[in-house]
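Listed next as structure tokens is one chain, alone, in the form predicted alone.
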């Protein structure tokens, strides 16, 4: 249904590497690190990129760390508001003694970047995951005082053992109580052996197109199986890349749970258990970074049209040939929303921005 209701366009999946983070990575010689090659910066964050070749890693230009470049990108693509977050690998690799101070400093730096463009930039904060539970909870409590912070970004390993780790439960409860949603983003992928001997012939396609979505699906399914969403019933999560394969596989996962004799013997079935479908509609939001109308329809059918939110994944997936025009990756996501929900409809406007404004309280 067409509508005249006006909503801003909100990008909830857009990354930055603040200047201090760039400096930190430049000071390192093991993954993750940044090298200078032929006068340009290259980021090495995956083992496959860590070779002796001078072209190893991926180029990191000012679009990664200069916030004016983010605003220029937003203007070019008609984005009114961006919720920026540190890109992977976050701070997971820091030594315990350095994690808490690094997280505070980085989150304050991102807050200052948002302050430069009031109302246009908000943020998902970074947690000091290697700093221990007390340091993490302390930072969660502090984040509530920051003007532009609207949640946190989290990788799929949590404290190192996955998101079904019992040691994470107090952290999930702290996030629930603070009403800070978790933006869950993959990074670690799947073991390289699953791609076969010819994997290097195919660039980054296999780990990015398949590894990232499956990493997210596995991580959330482990949370479901361990009962996280019963123990922290109001925890809210936003899953990157439309939840990986979770919307498509939700029915199969639910059926496997209900037919598992081990889970039944453990008393984990029956009354009190949230189904996968309930969790998708009460605890989970999905971004719309799926690049197809077919995929977005699955996301909408799984979680609901009011729980899907537009994203670009900027500055990743730029055009291979710089032509100065709009990015095909972004326009594809725009087109998927309009095709799946109807161009100009309230549902499409909600996915493009209205849902994010409501869920993340994007006002100052």
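This is a predicted model, so every value here is computed, not measured. Residue numbers count along the first chain shown, from 1.
The discussion below concerns the form predicted in complex with uracil (URA), not included here.
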In the model of the complex, residue 313 touching uracil (URA) (heavy atom, 4.5 Å) = yes
Uracil (URA) contact in the model of the complex: residue 212, any heavy atom under 4.5 Å = yes
Non-hydrogen atom contact residue 45 with uracil (URA) in the model of the complex at 4.5 angstroms | yes
Though only this chain appears here, would residue 349 touch uracil (URA) in the model of the complex if you measure heavy atom gaps against 4.5 Å?
-> no
Looking at 326-334, 33-41, 313-321, 292-300, which lies within 4.5 angstroms of uracil (URA) in the model of the complex, counting heavy atoms?
-> 313-321
Which of these residues, 149, 216, 157, 88, gets a heavy atom within 4.5 Å of uracil (URA) in the model of the complex?
-> 88
With uracil (URA) left out of view, which of 269, 167, 190, 208 would have a heavy atom within 4.5 Å of it in the model of the complex?
-> 208
